[in-house]
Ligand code: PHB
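Here's a solo chain for you in C-alpha cells, the form predicted on its own.
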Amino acid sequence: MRKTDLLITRRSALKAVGGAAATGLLVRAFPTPAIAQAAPLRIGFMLPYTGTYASLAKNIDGAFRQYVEEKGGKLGGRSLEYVMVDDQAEPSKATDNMNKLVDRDKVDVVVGTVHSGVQMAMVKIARESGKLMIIPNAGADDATRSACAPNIFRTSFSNWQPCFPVGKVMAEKGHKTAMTITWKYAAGEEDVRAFKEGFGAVGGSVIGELYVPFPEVEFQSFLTQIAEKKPDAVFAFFAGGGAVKFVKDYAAAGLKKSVPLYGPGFLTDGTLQAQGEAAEGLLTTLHYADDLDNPTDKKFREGFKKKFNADADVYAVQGYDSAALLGVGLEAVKGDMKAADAMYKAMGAAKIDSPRGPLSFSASHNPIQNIYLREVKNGKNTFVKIAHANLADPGTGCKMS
C-alpha cells in the first residue's frame, strides 16, 4: 500500500468515527486498551526475615500468599504484587524501613510486623501517612489503644489478650505464688503486666519478676533465682529461637518437674519440633491450637502442609487472616482503595470464619476471639478447653479520628 493510500484510509476511518459519534452510534475503528484492567495492588511485607523471628515471618508471609492463591490470585478483583523488607526485629531501623515502603516503593498496604518495638514506629508513620496497615503479629497494646487509627487493623492479638487468662488457669491448678521471666522489651513487659492483672484478680501473688536483655538467650543465672525462691509456678514469655532455648534450659535445670511452667502460646508455637521432649506437658494459652475441630482449620492446615511441607502454626493463621481481612475490604469497594472510608468500615465490621474460630473486631480494630488452653502432647499444642470466650482487648484510650 502506498503512503498516500494509507493516509486516505486513516482519514476515512476517522471521518466515519466522527459521523457515528454525531448520530449516537458506537463504532470502534481501532483496538483500544482495556481501561477496566486495574494495576496490581502493591503489598509491602515488613517482617523479620532473618534473626530469631525468621520462622515467624516466613509463616506469616507464606500463609498470606496461600489465601490469595486460594482466591484465584486476586482480592476484590485486583491482582497483587509483593515488596519485602527485612526489618531484622530492629527498632532503630524501623522508621527508615517503613518510609521506604511508603515513600519509595509506593505500596498500597503495609503488612507487618512481629517485634512490638518495631511495630510502634510503624504505627506512627501509618497514622501520619494514612497508609493502610495490617498487623499480623506484634501485640503492642497501644497499637490498638492510645495509638489506634481508622487505617490500622490487627489480625493477631494485643499482648494483654493471651496473657490475662493465664492467671485464672494457674489458680485453677492451685497455684498461689508465681514468678515471671521474659525479655526486657515492650512485649515482654506488657505480657507480664497482663498476667499479673489476671493472677491478682483471682488472689495470686507474684513474688519475683526477671527480665533478660533482648535478644540474649543465656538463662542460667535467672533459672538459679527461680530455684532459690521456689514459687508455685512460673509465667514465661519468649518466642522463636529464644523460646526453644528457654524451654530446653528450664527442663535441663530440673525445674520442669518441681515448678510448673506456663505462658502465652508463643512459648511453644512454631518451636515444638526443636524443643522436643522438654516441651511435653506445658500448658499455654492462645487464640489457636493445633487440633481445633473446625472445617476451616482442617482445610487451611491441609493447604499449608501441601504448599510448604510444614505444619501451620498461629503465625501462619495470622498471616492467612490478614489476607482474609484485606479481602473483605477490597470486596466491599470492588478493589477501589480510594474508597477508603467504605473499605475501613467493611473491615471493621468483618466477621471472618478463621482457622482459629470466629473472628470479629472491636471498635479499636483489635480481634475479638477465643483464647484456648492448650497442652503439649506428642509434639502438638492440643486443645484442652476455652480459657476465655470472645475475649476483647479493653481498647483503653482509643479515640478514632
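When you see a residue number, it is the position in the sequence shown, counting from 1. All of these numbers come straight from a predicted model, not from anything done at the bench.
Keep in mind that the form predicted in complex with the ligand is not shown, yet the notes after this line are about it.
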Close approach of residue 64 to the ligand in the predicted complex, 4.5 Å, heavy atom: no
Residue 137: touches the ligand in the predicted complex, heavy atom cutoff 4.5 angstroms: yes
Touches the ligand in the predicted complex: residue 315 (any heavy atom, 4.5 Å): yes
Contact flag, residue 304 vs the ligand in the predicted complex, heavy atom cut 4.5 Å: no
Residue stretch of 79-87, 218-226, 249-257, 234-242 approaching the ligand in the predicted complex, non-hydrogen atom distance within 4.5 Å: 234-242
153, 266, 199, 288 - the one with a heavy atom within 4.5 Å of the ligand in the predicted complex: 266
The unique member of 322, 159, 182, 271 whose heavy atoms fall within 4.5 Å of the ligand in the predicted complex: 159
Residues of 80-116 having any heavy atom within 4.5 Å of the ligand in the predicted complex, listed in sequence order: 114, 115, 116
